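Only one chain is shown below, in structure tokens, and it's the form predicted alone.
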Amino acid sequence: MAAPLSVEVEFGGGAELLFDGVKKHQVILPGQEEPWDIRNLLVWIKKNLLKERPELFIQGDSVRPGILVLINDADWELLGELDYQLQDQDSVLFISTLHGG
């Protein structure tokens, strides 16, 4: 069984408005059979942190287009996107690049 992980989850560019305006969350992900990856993290975020309008953050099993994801300050596209296996003390930042006009 994988040990619990401590992960910093941060939202910016307006995405924090979907999370009661809170930008930074220090979360403890519980131990589970499979290693934690971004796909599992998104499900956890939806259940535990997301307060309103999930369609503005989640689309299918990924983030909605227009949301930039950085893992430890690196673009998630370089790290395997949804399949990236989280490590203890990782930092995951979600930045909305969509703006109203």
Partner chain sequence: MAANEEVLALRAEVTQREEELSSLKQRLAAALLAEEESEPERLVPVSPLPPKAALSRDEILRYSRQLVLPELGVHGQLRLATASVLVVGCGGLGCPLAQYLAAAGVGRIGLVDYDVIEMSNLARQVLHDEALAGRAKALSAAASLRRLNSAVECVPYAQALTPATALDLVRRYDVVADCSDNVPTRYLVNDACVLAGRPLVSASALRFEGQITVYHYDGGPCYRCVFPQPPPAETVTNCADGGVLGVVTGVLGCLQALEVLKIAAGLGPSYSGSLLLFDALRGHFRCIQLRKRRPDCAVCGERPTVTDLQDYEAFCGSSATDKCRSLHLLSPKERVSVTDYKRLLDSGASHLLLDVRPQVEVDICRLPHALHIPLKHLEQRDAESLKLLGEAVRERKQGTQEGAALPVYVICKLGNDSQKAVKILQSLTAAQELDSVTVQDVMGGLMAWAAKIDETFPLY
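Since the model is a prediction, treat every value here as computed from it, not as a measurement. Positions refer to the first chain, counted from 1.
The form predicted in complex with its partner chain exists for this protein as well; it is not shown, and the discussion that follows is about that form.
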*Report whether the minimum heavy atom distance between N40 and its partner chain in the predicted bound form is within 4.5 Å.*
no
*May I ask you to check whether E33 falls inside a 4.5 Å heavy atom distance of its partner chain in the predicted bound form?*
no
*Residue contact check: S91 to its partner chain in the predicted bound form, 4.5 Å heavy atom*: yes
_If we define contact as a non-hydrogen atom of the residue within 4.5 angstroms of the partner, is D61 a contact of its partner chain in the predicted bound form?_
no
*Thinking of M1, A3 and L50 as the candidate spot, does its partner chain come within 4.5 Å of a heavy atom on all of them in the predicted bound form?*
no
*Relative to its partner chain in the predicted bound form, which residues of 1-39 have a heavy atom no more than 4.5 Å away?*
E10, G12, G13, G14, E16, L17, K23, K24
